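Given next, in structure tokens, is a single chain: the form predicted on its own.
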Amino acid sequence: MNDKGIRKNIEKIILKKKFENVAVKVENKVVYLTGKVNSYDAFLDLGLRIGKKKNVEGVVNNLEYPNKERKEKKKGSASKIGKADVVIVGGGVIGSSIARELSKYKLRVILVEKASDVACGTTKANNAMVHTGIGENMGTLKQKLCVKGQQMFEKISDELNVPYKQNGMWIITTKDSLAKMKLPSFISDFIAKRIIPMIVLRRGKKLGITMNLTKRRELLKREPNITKKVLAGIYSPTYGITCPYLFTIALAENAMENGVEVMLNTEVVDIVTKESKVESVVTTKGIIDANFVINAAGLYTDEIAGMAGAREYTIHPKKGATLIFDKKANEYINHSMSMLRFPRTKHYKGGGAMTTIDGNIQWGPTISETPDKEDTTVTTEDIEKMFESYSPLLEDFPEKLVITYFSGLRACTFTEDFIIKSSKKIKGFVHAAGIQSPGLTAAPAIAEMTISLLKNEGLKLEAKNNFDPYNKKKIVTRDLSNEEKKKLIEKNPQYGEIVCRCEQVTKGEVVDAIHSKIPALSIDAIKRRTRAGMGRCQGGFCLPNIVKILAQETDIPIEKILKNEGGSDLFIGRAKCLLEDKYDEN
């Protein structure tokens, strides 16, 4: 269907839904909406209706709605600070994967990230599952790249020395799977026990995914704590788990070892083009001349694309909340598990009770729309929703063992699929956008696809002879034998000084993190690398220890040490100074 035909179909939708103040334009199968609607829900509704239409490749939703956020354009520095063949915008798992892939070639590559560390956005707040592709819509780019990325994950994890384990997953049906369908129980039970497993197994076979049907009696033997309402279980042994931030940090560090420059605390504020071709990237630190730009900015990919005059989609964030339980509950389930419910929520796999690489159990994630790209709050309603959703799967689970919760944001487009393509408007500008679940799994495949796009755009790719794919294994004291610990402590006594009791993290590990290739200069940056503060007490014991070590190793005054980014101050000043000020006032 051509642009004219697409436009006619969209105008019918607008007329039917009585959106009187909306104008539509279609260009290269991308739909552009302008005008206004009376709510954010209407903004979403129209965008999603259009996005699911056949032949629509993108929706740029510029509709106004009440209380829409207005952003002031930031100013960059006019000084020239560098020149690159390729600039990558964004230091999440996608940008870091692409950086490592590009480091295999004789190129000048610069990755710019506005935060003080890599893996600070969507990447750090997902549930760390390495998916198989069974949960994605058939024929989507999401599914294709997920299947390929999953096949690449073990090799890359081994090279980077990051944790990865194929611990499997149960896909479960119960007597409640079709409760909302209001069918007679004998019909719903038959469908849940016989028909649904058959459909799932058929999908798996088509994708080449190993899956096994397990009868109720056997399932209850293998997972004795699941609900007795269970009817059938499909076991998917190749489902895996990793650590998303350790994986991303390792990717970025390996890229740096192979010649990529990583610039942190560097925000892109403009992209200069000339004659519809990329010319330079303007940042808060200065201008980088570049021939190619890869837009891997996550939630902000639409805004970065807009700077280049290459906007072909709009990001609408979806929030997902997760509960983390104390390791005391870690033997309650043997594998991750998810209960199928019908009708399914569109573009949502449903979450579940998942194991983690570090031995905790997590419940989630949930899903909800939010207009705010910085909204990572977790509300009482979110927590209640998680208990309501996952308690039926594990009825006697020790819910009081919750130690923390968090939420992350998915960078969704209205077509609800990955957008990995060269811009149709600006030569040298490549989109890596719309990356929601299973983006972590697909990251290696997305990187390969992006390099192919760059080659087609004219980038000369000459392989290096000295590319080193391996990262040195980091010291993790709790994983060592007593004999290994003894030898290590003899060489460096700091590895015998425990600073985090819950996770058994030593001073030596914290010091290593501070002085690593990408220095950990905040409490959360150290937490991501060592797990100090991630245990039962959530930093109650170790926080003062970490602050003291960080101040000693960096000469940062204690009152200047941050939890994470700017504005996350831990202290307001030195206590005696505050007392002196008080007495001076009197």
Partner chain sequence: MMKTDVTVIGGGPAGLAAALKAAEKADVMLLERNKELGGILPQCIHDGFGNFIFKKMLTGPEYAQHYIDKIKKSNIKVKTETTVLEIDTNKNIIATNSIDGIMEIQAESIILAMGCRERTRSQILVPGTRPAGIYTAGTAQRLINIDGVMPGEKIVILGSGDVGLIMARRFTLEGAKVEGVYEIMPRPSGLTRNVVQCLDDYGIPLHLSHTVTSIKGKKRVEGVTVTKVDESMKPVKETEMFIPCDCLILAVGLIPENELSKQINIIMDERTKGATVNERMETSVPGIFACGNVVHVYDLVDDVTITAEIAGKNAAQYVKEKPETTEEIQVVAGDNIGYVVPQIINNRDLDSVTLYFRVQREKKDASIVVLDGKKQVFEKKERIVKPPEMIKITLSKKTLTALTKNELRIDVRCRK
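Positions refer to the first chain, counted from 1. Predicted model only: the values in this text are computed from it and were never measured.
Below, we turn to the form predicted in complex with its partner chain, even though it does not appear here.
- Using a 4.5 angstroms threshold between heavy atoms, residue 28 stays clear of its partner chain in the model of the complex.
- Although the partner is absent here, residue 289 sits far enough away that none of its heavy atoms falls within 4.5 Å of its partner chain in the model of the complex.
- Among residues of the shown chain, residue 353 is not one whose heavy atoms approach its partner chain to within 4.5 Å in the model of the complex.
- Its partner chain in the model of the complex is approached by residue 387, whose closest heavy atom lies within 4.5 angstroms of it.
- Using a 4.5 Å heavy atom cutoff, none of 46, 48 and 139 lies near its partner chain in the model of the complex.
- Of the listed positions (518, 56, 521, 543), a single one reaches within 4.5 angstroms of its partner chain by any non-hydrogen atom in the model of the complex, namely 543.
- For the residues 258, 157, 504, 423, the 4.5 Å heavy atom test against its partner chain in the model of the complex is passed only by 504.
- Judged by heavy atoms within 4.5 Å of its partner chain in the model of the complex, the contact stretch among the candidates 460-468, 104-112, 423-431, 479-487 is 479-487.
- Scanning 365-392 for heavy atoms within 4.5 Å of its partner chain in the model of the complex gives 374, 376, 377, 378, 379, 380, 383, 387 in sequence order.
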